[in-house]
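What follows is a single chain, given as structure tokens, in the form predicted alone.
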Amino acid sequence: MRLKVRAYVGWLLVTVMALGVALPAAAQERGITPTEIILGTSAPLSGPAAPWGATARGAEAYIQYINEQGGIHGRTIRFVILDDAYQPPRAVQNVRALVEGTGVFALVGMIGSANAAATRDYIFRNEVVWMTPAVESDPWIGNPNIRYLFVTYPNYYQEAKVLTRYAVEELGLRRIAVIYQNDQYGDNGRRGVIDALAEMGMEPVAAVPYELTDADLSVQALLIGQAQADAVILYATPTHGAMAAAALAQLNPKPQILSSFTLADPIMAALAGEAWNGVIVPSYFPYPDHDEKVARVLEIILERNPDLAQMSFNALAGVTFLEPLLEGLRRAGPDVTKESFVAAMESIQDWDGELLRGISFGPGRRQGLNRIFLARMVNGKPEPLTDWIVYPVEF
């Protein structure tokens, strides 16, 4: 009887195969194939924030290097970049195309608070791994939907508090103003300045917004001059940051500018000229002139994309968006799934990458980074001023 059953089963399998009928198979993880890991991003390759698009190009160049080394567990990485021109409607279209069309395993980065706000519900609903959206931290604090989100990016609000305290306590400046982009990005900087000053029993002498459509910031600079500010905290795009610096340089006396790290790239010296000399900026990873590992990564990037030389900070920042994901994939092993990847990421504790330092995740912790240091721009190059400055872990 057993022989008859075995014969029947064998006949059935042969028949099914002959007819081309598909047998049930384990569901394939989106973006993971036997030979590829598919990643994507929506980035500003054009528009007023175009220099920030170098983050995507830097990640792309580093991925090329990783693939040349054999990829991750035998899989190469395909990285798809779509231009959103810093416009939320285009970011929405891009994310849908990456998830539903390309079928990405993870999104890497995304520049712009408004873009992230426009896309995050869709990303969460579709349970897409999202590695370091380059936005403020407010949307993630207390959010129950961030299981597949991992962030190694400074907190604009906390950064603004650090800059403000440094201006008052270390530089001895008392008349603090802020120029800020009139959106979530700029408003987090504005709030950080106001709250840090309030903690010291002070208030800003001016808080001046601008719009992305503004083609000149001389009126904003005039208001800063009328307020007799001796320091200005700046939250702007590269284009508008250069406009602001050039306009503020015409004031007498010229106020000290302290800017968000988003304007720490050498391209700012090209955009603003001499007006950018002496600006104080934070960083969340060491500079290549002061760290051999970072210098080597920059060399790797520029060998594959020499055009990124003028935007080296932004290009390196793109690698910081990417390298924790690469570490998670390595730890997850060859049979990677979304859930094994999450477990692998949660195992990262006090980890140093090629660029990043002291990164920690865990169950219930998605903010992997909580420290920055300050530097002064001198002839287009940053000269470190402080050691690491730690701020709170909030999500």
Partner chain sequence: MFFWQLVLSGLSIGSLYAVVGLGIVLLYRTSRVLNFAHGDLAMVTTMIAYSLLTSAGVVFAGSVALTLLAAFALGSLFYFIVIRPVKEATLLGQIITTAGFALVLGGAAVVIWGAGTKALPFPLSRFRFYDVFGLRIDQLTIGSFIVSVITMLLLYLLVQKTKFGLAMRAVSQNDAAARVLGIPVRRVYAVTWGVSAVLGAIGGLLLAPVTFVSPTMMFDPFLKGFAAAVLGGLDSLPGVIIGGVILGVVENVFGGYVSTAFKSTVAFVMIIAVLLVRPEGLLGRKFQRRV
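Numbering follows the first chain given and starts at 1. What you see is a predicted model; the values in this text were computed from it and never measured. For the two forms, the rigid core is made up of the largest set of C-alpha atoms that agree within 1.5 Å on superposition.
What follows is about the form predicted together with the partner chain, which we do not show.
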TODO: Using heavy atoms only and a 4.5 Å cut-off, determine which of Met200, Ile141, Ala270, Leu171 is in contact with the partner chain in the model of the complex.
DONE: Ala270
Task: Partner-contacting position among Ala246, Ile123, Val294, Ala206 - heavy atom within 4.5 Å of the partner chain in the model of the complex - done: Ala246
- [ ] Report whether the minimum heavy atom distance between Gln220 and the partner chain in the model of the complex is within 4.5 Å.
- [x] yes
Open item on the list: Can you tell me if Asn145 lies within 4.5 angstroms of the partner chain in the model of the complex, counting non-hydrogen atoms only?
Closed with: no
TODO: Would you please decide whether Leu251 lies within 4.5 angstroms of the partner chain in the model of the complex, comparing each non-hydrogen atom pair?
DONE: yes
Open item on the list: If we define contact as a non-hydrogen atom of the residue within 4.5 angstroms of the partner, is Ser283 a contact of the partner chain in the model of the complex?
Closed with: no
- [ ] Just one of 146-154, 316-324, 295-303, 234-242 has residues with a heavy atom within 4.5 Å of the partner chain in the model of the complex, so point it out.
- [x] 234-242
Open item on the list: If the two forms are fitted on the core, does Tyr86 show a Cα displacement reaching 2 angstroms between the shown form and the other one?
Closed with: yes
Task: Rigid core superposed: Phe261 CA moves 2 Å or more between the shown form and the other one - done: no
Task: Threshold 2 Å Cα movement between the shown form and the other one at Leu271, rigid core reference - done: yes
